[in-house]
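Each of the two blocks below gives one form of the same protein chain as structure tokens; they are labelled structure 1 and structure 2.
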Structure 1
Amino acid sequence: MAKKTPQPESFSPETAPTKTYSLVELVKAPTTMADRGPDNTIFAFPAVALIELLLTLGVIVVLLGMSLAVNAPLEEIANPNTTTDPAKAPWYFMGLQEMLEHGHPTLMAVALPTLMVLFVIAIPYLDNDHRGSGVWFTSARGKRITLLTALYALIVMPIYIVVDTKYPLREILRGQFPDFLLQTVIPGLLISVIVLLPLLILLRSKPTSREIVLVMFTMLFVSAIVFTLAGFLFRGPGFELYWPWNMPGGYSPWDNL
């Protein structure tokens, strides 16, 4: 709120020392308010305060309901001498643990995840197309690209996991080729081709940088979800693949939450 100051009679600089504006330069650009409709804003109070109150109540109701319905798991006291089967990390790291099944640990659990995090951090600096901020998928084309990439990842990644588990090239050829080639180079190349294929297809149609990151993020995001679900829901005793509802030995992946 500007302080009220007594208005001087004339606006010459001598008589109006409190004048707070001046003409500095004329620029050709859209002005802030000219040729605009009425500004489409509302007072944050009480609208935002009410929304936040309702969200708070909603979150508490959901958590309370869930806590009344399902008890948090508590197994036997920790025993370093008895390994559980399967031994699983918390669910949000099951993507990593699933990755470990498909190649050398340094590649699968360290190099690739690190690259992924670095890519995610770098997204705003890779995408130098400043248009379309604040719009879902930026454009209709962006939406189509996202959906197609997600569909591709949803189909290819589960196939990769199943095929690589049933017919692990690394194990079949073990001893015939150097370990580094089998465990690191080949899986690394294979994953790179699978992940970069949608990008290569996109690059033929002169994409914007926004569309490039849309493809890459969608590919990595959906793959991360697929790997996490595979590790969390579909791995049973011996870390073998099973249907979640058909686990042997009375094991249920949900008990691991």
Structure 2
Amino acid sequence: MAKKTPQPESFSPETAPTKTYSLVELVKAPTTMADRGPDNTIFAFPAVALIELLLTLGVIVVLLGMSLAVNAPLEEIANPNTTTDPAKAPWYFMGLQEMLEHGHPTLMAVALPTLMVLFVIAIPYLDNDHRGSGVWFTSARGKRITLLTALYALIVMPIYIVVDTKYPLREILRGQFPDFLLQTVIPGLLISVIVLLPLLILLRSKPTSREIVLVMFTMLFVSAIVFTLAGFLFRGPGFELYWPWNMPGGYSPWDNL
């Protein structure tokens, strides 16, 4: 017996399925974004990778040249009865050793370095504005702010080192006030005022978050250089301040290289 083939029902708006799509636009291929990345960007490879490779090779050549040119023999066995004067840390820790001359070790060697590291880690979160990204100092105003901050640090930080070494309040007032106040609170306040003064001046001109970061990072960077050079070049026997060419006892800071 033959089966009856069902006939398709006629179309009507009542029986049509619900439409879940819409036609927005038709364009000729290829589209404007085909084979392109985000605007104002370059591919990390090979452009950036080749530059980093060249920088790496340059650093290797410089280190190799220094290892061939500078004699670094082993010294005699350490004598516990004789202390090296001056006893200096390697150059990359010289800034921390210099900071220890100006306050309590917990403040200068633990608290402040920790705050510096945390600040560097927090920079992407403090400044998340993409405008001007990849441009040195972002703008002409940013360049001017960075330059003035660097000049400020180059002038004020050496003055602080010299004055605090010649007239240390923590030693002058020793016994008159608690050690915690003299060794921690007063040095911490002095450093805070010196570092935050450029930022307080900048806040009067309604700065952007990036300009604030530029000021703080410039203070951190330039101050680290100043403290490192002060400890390396200008600290002699007794860890006192001398001109590099006028060290007593025939000591030369260049011997530490």
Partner chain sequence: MQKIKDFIVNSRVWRSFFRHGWPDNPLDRSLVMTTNIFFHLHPVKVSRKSLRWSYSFGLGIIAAIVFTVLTVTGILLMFYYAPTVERAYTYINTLQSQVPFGQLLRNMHRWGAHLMVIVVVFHMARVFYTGAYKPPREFNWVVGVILLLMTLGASFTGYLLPWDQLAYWAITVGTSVAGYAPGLGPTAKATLLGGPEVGQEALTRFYALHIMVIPAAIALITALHIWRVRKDGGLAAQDAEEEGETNG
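Just so we're on the same page, residue numbers count up from 1 along structure 1's sequence. For clarity, a rigid core is taken as the largest C-alpha set superposing within 1.5 Å between two forms. Note that the structure is predicted; figures quoted are calculated from it, not measured.
- The chain appears twice here, and it is structure 1 that represents the form predicted in complex with its partner chain.
- In this comparison between structure 1 and structure 2, the chain bends at a hinge between two rigid parts; from 175, 140, 82, 134, that hinge is at 82.
- The interdomain rotation between structure 1 and structure 2, with the chain split into two rigid parts and fitted on C-alpha atoms, amounts to 17°.
- For residue 49, the Cα shift between structure 1 and structure 2 is 9.2 Å when the rigid core is held fixed in the overlay.
- Relative to the superposed core, residue 73 moves its CA by 5.0 Å between structure 1 and structure 2.
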